[in-house]
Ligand SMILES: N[C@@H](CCC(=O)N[C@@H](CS)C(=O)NCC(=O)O)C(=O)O
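Coming up is one lone chain in structure tokens, specifically the form predicted alone.
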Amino acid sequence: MTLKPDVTAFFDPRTFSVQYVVVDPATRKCAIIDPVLDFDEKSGLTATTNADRILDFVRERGLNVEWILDTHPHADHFSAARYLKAKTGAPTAIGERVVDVQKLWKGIYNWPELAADGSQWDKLFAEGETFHVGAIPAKVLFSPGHTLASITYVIGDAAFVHDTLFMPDSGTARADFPGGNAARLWKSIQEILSLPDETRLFTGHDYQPGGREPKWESTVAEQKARNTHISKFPTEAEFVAVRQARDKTLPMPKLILHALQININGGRLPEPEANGKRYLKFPLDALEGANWG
């Protein structure tokens, strides 16, 4: 039995997001992680271009989708989990603390009818819970700080860390969203960096500093040695100070108020109204103190 899954990344340049198909080569079973449903905020159009690329890949290689996994409710793109479940029949999953994010944003959206119990997903993973992708063992690490619900999937020798660590030249993720906490992010990063040095780390975004080509894979050893935040600011106090100072300069993601309405509901678009059109509810002045950018 191999403990080394095959990992294929799908980069979305519109949102700088990285989606993954993680395959057990022995059984041809796979997991899809953090899939993107396309959305153009200027026109209001949605599309399934990214998700269909993944479905084509799965079909062409004769893979069996065993899981559709999200690491957290995303603030910068819509989740395609619901669409992919309809196409593959595979169960959707996220960390169990998603209920905390649902309760927080249920209030922001004034959305009393939202079920804030995680029932929009087929599976809610608890901290430390184990599962399998094919025959490869997998484990869930609770990795909050960026959000209240962020988790890391450790599948064989590969860890999918999404918005905790970026590539070493990009540092770490912000911690100023509602429910974020820089000190808790530090603790989550330390837990990830306590994995074996050779563990492959796959991040969920790459913003291509200096215009370089997108990258998404590193190792624990590389991150400890070269991450621009971790290596230069090695104590919790130093890290928190730098993280908080940087976060104060960052504007909110352009899709945060669009995306959370979809993503706390498991990737479901709003139901059509009487005219057959779907509408997003957009709160004004909900994120007081945010940098206008």
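Don't overthink the numbering: it's just position in the shown sequence, from 1. In this text the structure is predicted, and so the values were computed from the model without any measurement.
Form predicted together with the named molecule: not shown, discussed below.
Checklist entry - So which of R226, K248, R61, K254 gets a non-hydrogen atom within 4.5 Å of the named molecule in the model of the complex? => result After the contact test, the surviving option is K254.
Next on the checklist: Please tell me which of Y83, W121, F166, W186 lies within 4.5 Å of the named molecule in the model of the complex, judged by heavy atoms.
Outcome noted: By the 4.5 Å criterion, the partner-contacting residue is F166.
Next on the checklist: Please pick out the stretch from 170-178, 211-219, 137-145, 188-196 that is in contact with the named molecule in the model of the complex, where contact means heavy atoms within 4.5 Å.
Outcome noted: After filtering at 4.5 Å, what remains is 170-178.
Checklist entry - With the partner left out of view, is D76 within 4.5 angstroms of the named molecule in the model of the complex by any non-hydrogen atom? => result Flag for D76 set to yes.
Item to check | H205 within 4.5 Å of the named molecule in the model of the complex, heavy atoms | outcome: It does: once the named molecule is placed as it appears in the model of the complex, H205 has a heavy atom within 4.5 Å of it.
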